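This document opens with one chain alone, in structure tokens, the form predicted alone.
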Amino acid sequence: MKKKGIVFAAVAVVILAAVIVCDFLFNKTASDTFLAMNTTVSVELTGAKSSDALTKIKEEILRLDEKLLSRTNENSEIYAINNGKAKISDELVTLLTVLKEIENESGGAFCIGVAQLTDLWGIGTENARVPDEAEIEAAIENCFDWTIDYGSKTVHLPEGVKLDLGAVGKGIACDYAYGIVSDRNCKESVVAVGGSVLLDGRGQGPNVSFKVGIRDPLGEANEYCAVLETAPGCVSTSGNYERFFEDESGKRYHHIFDPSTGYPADSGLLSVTVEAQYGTISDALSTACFVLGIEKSLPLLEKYNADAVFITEDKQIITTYGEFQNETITVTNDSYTLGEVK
């Protein structure tokens, strides 16, 4: 009996050690912050392969930026398209197909054929100005008419039209990060690429949720007006505070353009935050909804099973949560009030 007791005790010690080792491995963490896509990328991962996932995420986001999506890097496919070398990879064909669909579904509120309009206004550069009407009309004339030839894997750009994926690149990066953490079974992942954030908690059980601060569009970068509690997915924000300039009369012009007018969108909104399953969708829809305004955004959000938090110029926080999903929002700044979709 004494020997059995010793054996059982030894087995218990081995099991306990194994549990401790497994717990250590599966709860390993890795984090890093780096620059890509003209913004700060922040990555926080938990899981046995978190270090490997972190390395791969960094490699992939830098590759996306330099080889695929940038319109200023001579080594990227978008740069090549914009400069007459239109044959593209299967990877980019897939991405552009999704973006063309969103362009069509949004009625052109989201459009990547606006690089010439972005350059014309120069917002965010030392050359920011208000163009004249003729320049604006010329810049938007054919912006929706870019097409994909699937047989030859080429993109046709009308004269004067160039592609700019700046409004959606960060969400695309979140989707690539999701693929990496999925392959490596990370328990919890938070990947923030500028205004787009991947929130994944596959290893934390079915009821896991995340709290996301929503920036006060009238405050400083670290000031929030609400906290969103949301299920895993991707969250993207577009706001008129990101890049802007004022003319000699003091009128303010921001960088989110309405492609149908060629002017900064004037929908009565300060910012839009969209939660969706995929980063590409959340990022594109946050831009589209900012252009469309609340009422016209609702069918688009429903089509993509997405939700939004709209912050209006009269400081109301209006959310679709409760319409399509069950996320909650808490106002944390008394100068804002919580409104309802009418």
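Throughout, we count residues from 1 along the sequence that is shown. Keep in mind that what you see is a predicted model, and the values were worked out from it rather than measured.
From this point on, the text means the form predicted together with a small molecule, which you will not see here.
Among heavy atoms of residue 243, some come within 4.5 Å of the small molecule in the predicted bound form. Although the partner is absent here, residue 291 lies within 4.5 Å of the small molecule in the predicted bound form, judged by heavy atoms. The small molecule is not shown here, but in the predicted bound form it comes within 4.5 Å of a heavy atom of residue 167. When the small molecule is considered in the predicted bound form, residue 189 lies well away from it, no heavy atom lying within 4.5 Å. The stretch from 223 to 231, 257 to 265, 153 to 161, 82 to 90 that comes within 4.5 Å of the small molecule in the predicted bound form, counting heavy atoms only, is 257 to 265.
This chain is displayed alone, yet in the predicted bound form one of 270, 114, 199, 95 has a heavy atom within 4.5 Å of the small molecule; that residue is 114. In summary, among the residues 78, 140, 177, 109, the only one with a non-hydrogen atom within 4.5 Å of the small molecule in the predicted bound form is 109.
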